[in-house]
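Only one chain is shown below, in structure tokens, and it's the form predicted on its own.
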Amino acid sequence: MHGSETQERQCWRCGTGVGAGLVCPHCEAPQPLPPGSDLFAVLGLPRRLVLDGAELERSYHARSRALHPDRHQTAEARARELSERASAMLNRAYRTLRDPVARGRYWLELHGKPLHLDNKEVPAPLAADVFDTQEKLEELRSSPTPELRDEVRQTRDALAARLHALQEDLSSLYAGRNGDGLLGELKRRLSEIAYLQTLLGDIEATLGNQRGAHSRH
């Protein structure tokens, strides 16, 4: 959204200039989201991958208090509707941007390269582990033994540690890397994270089924 468009926005209730704000500074009426708003703008934050956690929290809680539907429950219908709409978007923005993985996925979407696009193959660094783990799970489903269950649990713990390391490493990737050259690497790492999360889910489901089957005997 252009700066001139931001400056020209006026409160629908009292006519006061509201700029890019979501609440009128004069009458406190909730405002429609500015055209073209992304989740960073909803929280009043700069569009960048590195975010100040304290600033994120302050912005969210201040805006949440001002926009919460309970605050506008006795107002006119339009105010109630805008309050609910803005609060829902605010909550979505907060959930997305406070999580480095969700923030990275959203960053890819903003740049027209969503994670699911051209992302059908297992990432090369994970291929051997995925194949080996799937074989173990198939064997565990058909011929469960205590030894194999222990082996699968060890595999789960190793993969969980790998997932945690990848998630922690996102912060160093984000630092100072908003420009060109980031998207390909970001997509590669987020793809690894997504595959590991899926694989760990399969492991937990298989172990859970084995526990359930054992308890019935």
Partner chain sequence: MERIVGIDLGTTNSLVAVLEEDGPRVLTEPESGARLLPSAVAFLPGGEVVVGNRARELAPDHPFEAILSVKRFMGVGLEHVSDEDRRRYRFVDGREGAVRFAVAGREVTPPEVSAHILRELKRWAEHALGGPVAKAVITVPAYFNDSQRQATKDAGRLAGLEVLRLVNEPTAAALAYGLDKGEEGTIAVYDLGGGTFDISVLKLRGGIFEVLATNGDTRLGGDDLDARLAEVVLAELPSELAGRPSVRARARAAAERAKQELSAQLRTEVVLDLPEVGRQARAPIGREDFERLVRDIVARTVGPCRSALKDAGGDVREIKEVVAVGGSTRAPLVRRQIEEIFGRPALVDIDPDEVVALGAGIQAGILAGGRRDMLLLDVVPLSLGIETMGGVFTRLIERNTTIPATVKETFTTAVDSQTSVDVHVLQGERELAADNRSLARFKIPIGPMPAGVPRLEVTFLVDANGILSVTASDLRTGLERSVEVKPSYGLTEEEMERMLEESIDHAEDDVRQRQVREARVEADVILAATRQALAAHGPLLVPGEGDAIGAAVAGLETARTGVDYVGIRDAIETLSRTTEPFARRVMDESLREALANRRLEDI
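Just so it is clear, the structure is predicted and the values come from calculations on it, not from any experiment. Numbering follows the first chain given and starts at 1.
As for the form predicted together with its partner chain, it is not shown, yet the points below apply to it.
You can rule out all but one of 41-49, 151-159, 167-175, 54-62: in the model of the complex, only 54-62 has residues with a heavy atom within 4.5 Å of its partner chain.
In the model of the complex, none of the heavy atoms of Thr145 sits within 4.5 Å of a heavy atom of its partner chain. Its partner chain in the model of the complex is approached by Arg13, whose closest heavy atom lies within 4.5 angstroms of it. Heavy atoms of Glu185 never reach within 4.5 Å of its partner chain in the model of the complex, leaving it off the interface. In the model of the complex, its partner chain sits within 4.5 Å of a heavy atom belonging to Ala75. Residues are counted as partner-facing when one of their heavy atoms sits within 4.5 Å of its partner chain in the model of the complex; in 69-87 these are Pro69, Asp70, Arg71, Gln73, Thr74, Ala75, Glu76, Ala77, Arg80, Glu84, Ser87, in sequence order.
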